[in-house]
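Two forms, one chain: they're shown below as structure tokens, one block per form, named structure 1 and structure 2.
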Structure 1
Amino acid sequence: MASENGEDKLLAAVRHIAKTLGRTETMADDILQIFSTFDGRLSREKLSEKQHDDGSLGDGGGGAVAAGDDRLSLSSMNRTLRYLDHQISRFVALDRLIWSDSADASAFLEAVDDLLDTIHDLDPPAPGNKPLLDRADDLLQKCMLRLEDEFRSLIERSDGGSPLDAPAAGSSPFDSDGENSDGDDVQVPVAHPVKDYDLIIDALAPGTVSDLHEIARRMVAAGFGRECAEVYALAHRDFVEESVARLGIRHRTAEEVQGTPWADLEDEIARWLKALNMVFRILIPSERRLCDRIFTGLSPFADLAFAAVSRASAIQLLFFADAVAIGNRAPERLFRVVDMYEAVRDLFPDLDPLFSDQYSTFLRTEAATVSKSLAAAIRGIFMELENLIRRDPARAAVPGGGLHPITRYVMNYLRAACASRRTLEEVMEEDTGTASPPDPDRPSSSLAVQIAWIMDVLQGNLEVKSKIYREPSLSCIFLMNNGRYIIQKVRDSELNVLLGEEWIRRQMARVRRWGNEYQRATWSKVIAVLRTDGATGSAKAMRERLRVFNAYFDEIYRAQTGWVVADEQLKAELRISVSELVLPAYRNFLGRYRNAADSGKHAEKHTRYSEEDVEARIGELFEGTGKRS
């Protein structure tokens, strides 16, 4: 009986050794096969019997065998841990990279796998296993710390242009910064601006990526996945941040951005626009791909590493845009802010798949927030344009009733702005507080309403300025000049699409009304002098009327040759209308004067201007020359 119990214990011990050392069923079976060749008592048939058969040994011997198995198991586990401790400590103590030798790297990973299997067998701990599990956990901590160092070194050496699996030179727009050419500092690959954004950058060589994946797999299996992702982010973040810096982008506070002179800020925005596309269309997608390859099958640690490595640079770029958006809203900033809005808006189709995980979705939300902030800035700039027009003082009159600078500025500004009409319509439609136009004939889009309102504000400002002129007729010339210029700028641009033909017809009617007012203010007294109402009158009375006409006409000629009508068509129309009003009345008056009973041969003596002279002088009006009579 004792001999049978001894044999059972031997068989149990052999089975346990095979189970402990064999990580798979096939390996355990191979170990049993080796044992069977040493001793006839260890035949495959006996070793293959069920180890825990309660009925095979009887009630009295079962407890003794189980106790023996436990002692043998503890002893075997102890020997295994001692062996692994010896193996792992040898690698941990190396003063060089383990991964500098591929054989050492494979052996170290195999030892880590054996340790993980041993810990798995010890967990949950049976009575008496707790000290062994503690020893195994301590050994695992050493492994993880060394793996972290190896993981970090692989990234940094590859990033730094090390011969270890270094990418081929010129294979991407990311090259080492040549400023650290003395070799004392680690050279960090950085990005050069490109125009083709449809590409992916392999910042790490395929062999390095494979090694990093093997390390990551062990760290995740050991419960150190988050630490591995953080090590990756810390090691690779310099590559991303230095690449952004190479594009001319540096971290700045909102106060610094808003305190920068606009000319300098414009240059920064131009660099930002290029950097935004480079980072969000090439650099960050490349990081997404790299993280997915290193942490393939190890979700969610690929997402965690990606978010950690890309967060700072993405936020830096978005923060700059937000700082510009909440800053000064002077009208001249519109065009650059529109460029920024369009750049962020056009990224959204790429951001949705890029930042879809739980760790980076906030970046997509942040981009949407910045887009709304830029849109609000654009609307605010239009409001500031209105205020600028309202505040423009009516101080000095424009000489000759010519085009006012505010008219030229506003119309050229709106004309240039409407080159981005669709973007501006999109921005204005976002503003749900925009009221519908009260006039059904007015354009219906929010942008059209905004532009029409600015036109009304401009027109009101011009009418106030027209009152500076002492001569009502010159006020009319001033309004006609500016009104005709507005019509021309609307017709020759996208403003025509926004405001429509009905708006133009109303503006032309205004110009015609001012023309009629000009005629009444200037020429009504002249026509009144020439009107005889059918009665010839005495020669003396006719001569007096002629003298008064000459005085009026001389006064008008002296003044209005110095007035300005810049638009040639408007100038011609005014001259024609004056001629059609004055010449028939003057011709009729001269005929009656010559036929007067007592004027006789002295009629021509008192006639200073022939009909042709009057017509010629009318043709010299509005030249801005200020001729003398």
Structure 2
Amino acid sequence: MASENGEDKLLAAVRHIAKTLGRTETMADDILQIFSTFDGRLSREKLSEKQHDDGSLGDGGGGAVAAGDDRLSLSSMNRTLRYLDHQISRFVALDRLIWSDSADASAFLEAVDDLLDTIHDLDPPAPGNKPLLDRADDLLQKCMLRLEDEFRSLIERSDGGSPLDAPAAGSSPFDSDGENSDGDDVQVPVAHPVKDYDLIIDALAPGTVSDLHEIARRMVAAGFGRECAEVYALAHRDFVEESVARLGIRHRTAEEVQGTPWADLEDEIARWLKALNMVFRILIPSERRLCDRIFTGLSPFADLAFAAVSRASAIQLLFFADAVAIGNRAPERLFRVVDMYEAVRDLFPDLDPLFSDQYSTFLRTEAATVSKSLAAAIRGIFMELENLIRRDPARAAVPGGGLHPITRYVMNYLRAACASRRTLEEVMEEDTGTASPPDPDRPSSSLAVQIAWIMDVLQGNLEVKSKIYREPSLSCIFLMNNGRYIIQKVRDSELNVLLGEEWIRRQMARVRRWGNEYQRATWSKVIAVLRTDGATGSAKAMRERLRVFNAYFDEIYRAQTGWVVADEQLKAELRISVSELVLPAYRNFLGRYRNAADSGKHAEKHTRYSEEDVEARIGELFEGTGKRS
């Protein structure tokens, strides 16, 4: 008995030594093997058998009747599990991060791998191994809990760390203005230069990424992929949202955006434009890459984690555009809204590969919808412009028939808008639903039609305004001034391409027509006085005619030197045509008048203006200097 007891003790001691020295099942096995060859009492059979009988899980009867092989493998499994339990419990009880020591980390992972292998071996279940499997499952659960914690801590430890620190001195172009970055918390993503979106943010250090991947691999293998993706999202989402907040982007509701004064909204849009590119070209692609690395070969968990991390920020940014799109349609908003439209549209090629999986593909639809809303807003703004022009009241006449502010405003507005001609083409075509892409140089494109229509509306409004001048001549001068300005602005801009030569020719013909009307209205009565139809009237009648001419001419001179023709060429043309009309008639008249008059001296007395005087005075018309009528 005593020796038997002693042998038991010996066997127990040997098992203990093997278990303590051997970190793995095979190592322990090897050690036992060595012992068994060393001493006959330490045969493998005895060691195994004894262990099995000692096993707390051994259901004595079942084990005894089991076939020898099964018993053997079960007991070896049991041994392994006990060993793993010991190993794992030691790690799980650690009061610090296992990953704070890389040797611990790899030992723990190895234990988890062994456990997974063991569970695999126990499956499909053989009779009698259910208790083993339960124990293994329980152990696995402990491992996974701990891995989840380690995984989370690795991310959180890194999130505050260095990889995002601004690489260059100087303030970031994307610094949010409201936020004061305090000391070590500075991690504003910086891109120098701004246009370079090939940047990747490494939110986590490469070592951390590979650690995380190792953990993720085990969690997925153990069927804990969902937990892993979830813990990733929860731990890392704050980082993404914080990054967006640091770009100066706040959560805004539609109502708030509606209520924001345009000047403030413009600033916000400027920030948004930068943020949009930063987020969709740098931040989110970096997130995609990060997820792909951590969960490499572990799809769909990469997609799941990526969608969970990026959804909110993506939606938040896109929604702001929606909110702006439904806002007020004042024409001055056009330029910013066009910027927004272009920014979203230009993202599309990047979004396709980014949001290609089932969990995030809706973001592509979302972006497409947002760009549609912005396009509708742009069309709405053009409609509003049209309305504003049409409704612009003819209150006070511009002194001297000069250029009206609305002409200047509309023409400069359209010229500026044409800087985005291709975009506007696209937006207008979208409305008409033309299937084929528009030929942008075709004057019949939707945008061209739209612009021509606005020009018509403007023309109509100017004609209404011209009616408030008492003199028809001044109305003509007003229309000529504005008409000429329109031509010039069209000619030296993209409007030229849109409206086409034909339109310009028609506009020029119009201006000529107003010129003719002006001549008729102002000068026909003057010419009529001078015209004697060959018949030489009496000296008295001739004198009377001259007196009337002088009165007319004085009055015209007095009034029309105060009128304005801003365009020098137009002014010169007008004067020449007036001179060509008046001077020959006057010269002719003076000749006949001198003949008819009794004495030349007498004649000179009534001739207030020499031919040269008349010419000189015509040359002073339209200077905007004289007294106004």
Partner chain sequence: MPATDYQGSSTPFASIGRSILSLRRDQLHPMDGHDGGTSQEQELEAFQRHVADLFLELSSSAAGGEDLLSLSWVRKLLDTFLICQEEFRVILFDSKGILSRAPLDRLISDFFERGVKALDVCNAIRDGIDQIRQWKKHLEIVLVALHPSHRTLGEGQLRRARKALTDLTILMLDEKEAGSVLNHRNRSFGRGSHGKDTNHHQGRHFRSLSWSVSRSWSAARQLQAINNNLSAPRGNEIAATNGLAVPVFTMSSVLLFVMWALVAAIPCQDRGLGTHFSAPRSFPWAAPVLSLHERIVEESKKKDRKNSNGLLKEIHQIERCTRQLAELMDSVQFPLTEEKEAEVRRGVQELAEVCDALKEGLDPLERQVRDVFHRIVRSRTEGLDSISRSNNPE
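Rigid core here is just the name for the largest C-alpha set that superposes within 1.5 Å across the two forms. When a residue number appears, read it as a position in the sequence of structure 1, where counting begins at 1. This is a predicted model, so every value here is computed, not measured.
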item: Matching structure (the form predicted in complex with the partner chain), either 1 or 2; value: 2
item: Rotational displacement of the minor rigid part between the two structures [degrees]; value: 11
item: For R90, CA displacement between the two structures after the core is overlaid, in Å; value: 5.3
